[in-house]
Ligand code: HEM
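Just one chain is shown here, as structure tokens, and it is the form predicted alone.
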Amino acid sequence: MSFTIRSLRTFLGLLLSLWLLGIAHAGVPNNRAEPAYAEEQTILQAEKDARTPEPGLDSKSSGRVHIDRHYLGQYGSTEGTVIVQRGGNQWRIWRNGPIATAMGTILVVVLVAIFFFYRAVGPVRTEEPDTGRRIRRFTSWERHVHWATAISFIILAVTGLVIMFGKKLILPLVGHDVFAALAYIFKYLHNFVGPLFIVCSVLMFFTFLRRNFFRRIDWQWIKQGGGLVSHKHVPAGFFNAGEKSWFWLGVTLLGLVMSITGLILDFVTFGQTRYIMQVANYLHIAGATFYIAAAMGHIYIGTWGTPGAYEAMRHGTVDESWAKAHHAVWYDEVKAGVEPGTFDDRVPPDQRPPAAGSPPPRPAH
């Protein structure tokens, strides 16, 4: 008798389990959706249970209840009823996972590489002592535009890195209260300094554009790597090929990427959807990574890597020996009293090969 009762209880328990399992599966019929996020399951279930079918993606009304990751509609009025966005979890996972890891790795590797390069190669110094005679290199306007752009960039870089990595690196050290205040201040600094950086970048572009066109002589600088390793002073005009590359690839190209994506993220009332803002965020992080990495190289070469270069942008003048060593073509132009760029397509006299039939030069004593 007891065996029969135990068997009956087991059978009823099995039936109850199967019934509950069926209820659970019926509650989320789309539990095998790809990607199977709980938020998207809820959306799909709401669509299925709705009496009025949701418009397709080809309809301008699509997104009235939800927004698909590929739907490009108006922000606010159309997305005003959106509670959970499809694909938002994917953006969060990528942003806080592989993208953040890649960004941090690249910046650390570049910083370490610069340190070891400095230790192994050292700075590029002038061979002749200073003469005491100064040459005007940058005007007051050029220096103010440069430093305004540089300072706004540094503020954006620091605040952006805190926004990106603060929860992992700073929060455990200072606690939630201090980090909350810091993140609040840095977020608004980032948002308000961003447009200022764009204005400064535009002014910088037009201020230095005329002197940054590539010339034939720049190819010699590129082939010799600017003499950074050999410490050979390669003839260059007002700006060498490295500085011109920084101007076009850094200030201009990456500046455009950062400016456009930053405006999309900063001003959310111009019709961009969440999907557009997520793509802009991906590009913003990628652009920031390479911009900061390149800026570290630019800062190194303009300070410790090339002694005397900082004084040029700080005070506007350089010593004659520095100008002759690092920018020989521009030095000849100054001595000849002509505009910078006049001699950019010729080699300085002391760098020309000897004429046919002429005796070899005597070694210096």
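None of these values were measured; they are calculated from a predicted model. Quick note: we count residues from 1 along the sequence shown, nothing fancier.
Although it is not shown, the form predicted together with the ligand is what the next lines describe.
Between the options 263, 203, 185, 169, the residue in contact with the ligand in the predicted complex by a heavy atom within 4.5 angstroms is 263. Checked against the ligand in the predicted complex, the residues 292, 110, 135, 124 give one hit for a heavy atom within 4.5 Å, which is 292.
Looking at residue 328, you'd find every heavy atom of it more than 4.5 angstroms from the ligand in the predicted complex. Under a 4.5 angstroms non-hydrogen atom cutoff, the ligand in the predicted complex lacks residue 144 among its neighbouring residues. In the predicted complex, none of the heavy atoms of residue 220 sits within 4.5 Å of a heavy atom of the ligand. Remark: residue 271 does not count among the residues lining the ligand in the predicted complex, judged by a heavy atom distance of 4.5 Å or less. Heavy atoms within 4.5 Å of the ligand in the predicted complex map, among the stretches 112 to 120, 284 to 292, 171 to 179, 125 to 133, onto 284 to 292 alone.
Taking the ligand as positioned in the predicted complex, the residues of 154 to 178 that bring a heavy atom within 4.5 Å of it are, in sequence order, 154, 156, 157, 160, 161, 163, 164.
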